[in-house]
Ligand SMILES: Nc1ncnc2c1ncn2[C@@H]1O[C@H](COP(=O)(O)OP(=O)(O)O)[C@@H](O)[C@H]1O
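First comes one chain, alone, set out as structure tokens in the form predicted alone.
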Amino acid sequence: MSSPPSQDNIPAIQAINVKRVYQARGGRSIGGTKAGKTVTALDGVSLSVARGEIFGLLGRNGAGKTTLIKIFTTLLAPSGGQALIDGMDVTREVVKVRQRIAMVSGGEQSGYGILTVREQLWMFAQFYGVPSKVAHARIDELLAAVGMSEQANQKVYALSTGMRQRMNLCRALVSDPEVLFLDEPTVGLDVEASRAVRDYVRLWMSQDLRRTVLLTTHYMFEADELCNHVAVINHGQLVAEGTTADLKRGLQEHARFQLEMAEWAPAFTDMLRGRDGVVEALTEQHADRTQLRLALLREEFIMPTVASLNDAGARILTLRRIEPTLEEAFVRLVGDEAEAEAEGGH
């Protein structure tokens, strides 16, 4: 008889062919769809997140990220398929799932303005049955970690947007969840507040290697900075999945390099464009140097290309490879219409 699977082998988060269909009603439209017609927000999404990962779900606004998060956090039922937390079905074992998870959404206004920050966090600790002594110590630790110790006795209504979002992160973590869902957690925040949120997420993860985070964002730099693995969702379907390095490498057609030149002549460009392996050679003139950008069929063509430049009398000051960005990979996957969102950030 085979032994039962180890709990460590069960994904922390799993979607199996998850679908979600809405119907526009009451004379109103959803995303431009007329009342009475259906909108497919998720169309057979499958993904698996291992314990200990910060997993990024990337997509433009309306791609289906928040819908999937709401299903995982028991706020929406899937129209089809199955969503699991630690192997538990989110529609059949709601209470057990909710005991293991927490969620922070960007721009949320949760809480009671007349309470102080400490009172607010204490109240949420009681909702989860956290013992009094543990709750007090955890609240102090969380507030100190996000730089809010001085605001502990300040009324919630008087907090800035950035401070409120830091408090929301503390609120989510006061129950010590195993799985944390972050849905656009830094949207609308300034640089300092955004950095504080990201820094504490990393610290929180490092304190227990079994903790898991699912982050939805359309800020590519944020995903690149935080995530181990990412998936890209577009029009309710997953279009790519892997490490951030995989996505960047997999979508780069050519090896790209940038050279700074002290000596340069226009004829060098014509010489380069005639060489095997050189796809593109572009120059930009500066006061005392020339910047050369090369696109090569493969990385190994760089050495003979540099040798040819030296033989022709070009004096090379610096050479560096231009690495592809996650933003470039994202735009190529979901189309040019995503560029404005991909460029957003703080």
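The first residue of the sequence shown is number 1, and the count goes up from there. As the structure is a computational prediction, the values presented were derived from the model and not from experiment.
A second form of this protein, the form predicted in complex with the ligand, is not displayed here; the remarks below concern that form.
Screening 46 to 54, 314 to 322, 282 to 290, 64 to 72 for residues having heavy atoms within 4.5 Å of the ligand in the predicted complex returns a single hit, 64 to 72.
Within this chain, residue 306 is remote from the site of the ligand in the predicted complex, having no heavy atom within 4.5 Å. Residue contact with the ligand in the predicted complex: residue 295 places no heavy atom within 4.5 Å of it. At a distance threshold of 4.5 angstroms between non-hydrogen atoms, residue 39 is in contact with the ligand in the predicted complex. A residue is said to contact a partner when one of its heavy atoms sits within 4.5 Å of a partner heavy atom; residue 23 meets this definition for the ligand in the predicted complex.
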